[in-house]
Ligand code: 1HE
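One chain follows as structure tokens, the form predicted on its own.
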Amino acid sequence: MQNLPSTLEVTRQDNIVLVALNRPEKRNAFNDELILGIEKIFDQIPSGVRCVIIHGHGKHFSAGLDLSELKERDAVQGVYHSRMWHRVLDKVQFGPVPVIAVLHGAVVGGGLELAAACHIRVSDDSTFYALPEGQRGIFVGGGASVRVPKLIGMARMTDMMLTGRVYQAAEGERIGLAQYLVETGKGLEKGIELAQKIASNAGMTNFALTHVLPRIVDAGQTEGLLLESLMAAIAQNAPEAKQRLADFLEGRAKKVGE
């Protein structure tokens, strides 16, 4: 991948790409260079890659927006800056492959916005979550008001912003901020394990889950059920699906729980 800032480190393991936030001296706080670098990565995912893992170097995943970046933007500039974040995180959520966030330490503000745009979140025991914008006199601008309530509900997000509530790792996993909780330091290992499973799925299934399922959830019931029927028909018609079904019916595939 070309023209990436030093605040991002990209490595590849077979059909998995690992993206490390590499600004540990700033707790991986986001400046424009870092968020635009993430956009460049998702614009350049190589063919053959089946999953991306995003994690953070140092003691934290990300402490959110570098507040020195706010400077003295006026309202129009603020709208465009927020929309830039929306554009980038849409490329994470609706990019070419599923994305796993491996979380530790601070997952705060913009860090939680990035994590919420990913499809799977693995946290370790050191993780804590917060949306401190309410205590700073500002409002979220990177998509949290849309994505975070879908994970934990509007009431919990409202509480986080009104009171500055911080969720620790175990409670965060319980309410839906992460799907997995592991021992401190074990997150990346778990993330790679999950990425390998995801990478072995049929491509159409992964597409349906990352691109179509969110639209079904956002649609009305009638439209959602129609989308489901169309996606089911398309997926089962793919040659890879037909081969996998044949393998199962003829005893060549593992059964659930084996």
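Quick note: we count residues from 1 along the sequence shown, nothing fancier. Because the structure is a prediction, the values reported are computed rather than measured.
Another form, the form predicted together with this ligand, is not on view; read the next lines as being about it.
A.B. asks: Determine which one of 228-236, 43-51, 59-67, 209-217 lies within 4.5 Å of this ligand in the model of the complex, judging by heavy atom distances; exactly one does.
C.D. replies: Going through the listed ranges, the match is 59-67.
A.B. asks: Non-hydrogen atoms within 4.5 angstroms of this ligand in the model of the complex: do 26, 29 and 142 all have one?
C.D. replies: Yes, because 26, 29 and 142 each have a heavy atom that approaches this ligand to within 4.5 Å in the model of the complex.
A.B. asks: In the model of the complex, does residue 85 have a heavy atom within 4.5 Å of this ligand?
C.D. replies: Yes, residue 85 is a contact residue.
A.B. asks: Does any part of residue 138 reach within 4.5 Å of this ligand in the model of the complex? Heavy atoms only, please.
C.D. replies: Judged by the heavy-atom cut-off of 4.5 Å, residue 138 is in contact with this ligand in the model of the complex.
A.B. asks: Hey, in the model of the complex, does residue 109 get a heavy atom within 4.5 angstroms of this ligand?
C.D. replies: Contact check for residue 109: yes, within 4.5 Å of this ligand in the model of the complex.
A.B. asks: Spell out, yes or no, whether the shortest heavy atom distance between residue 128 and this ligand in the model of the complex is within 4.5 Å.
C.D. replies: Close contact exists here: in the model of the complex, residue 128 approaches this ligand to within 4.5 Å, heavy atoms only.
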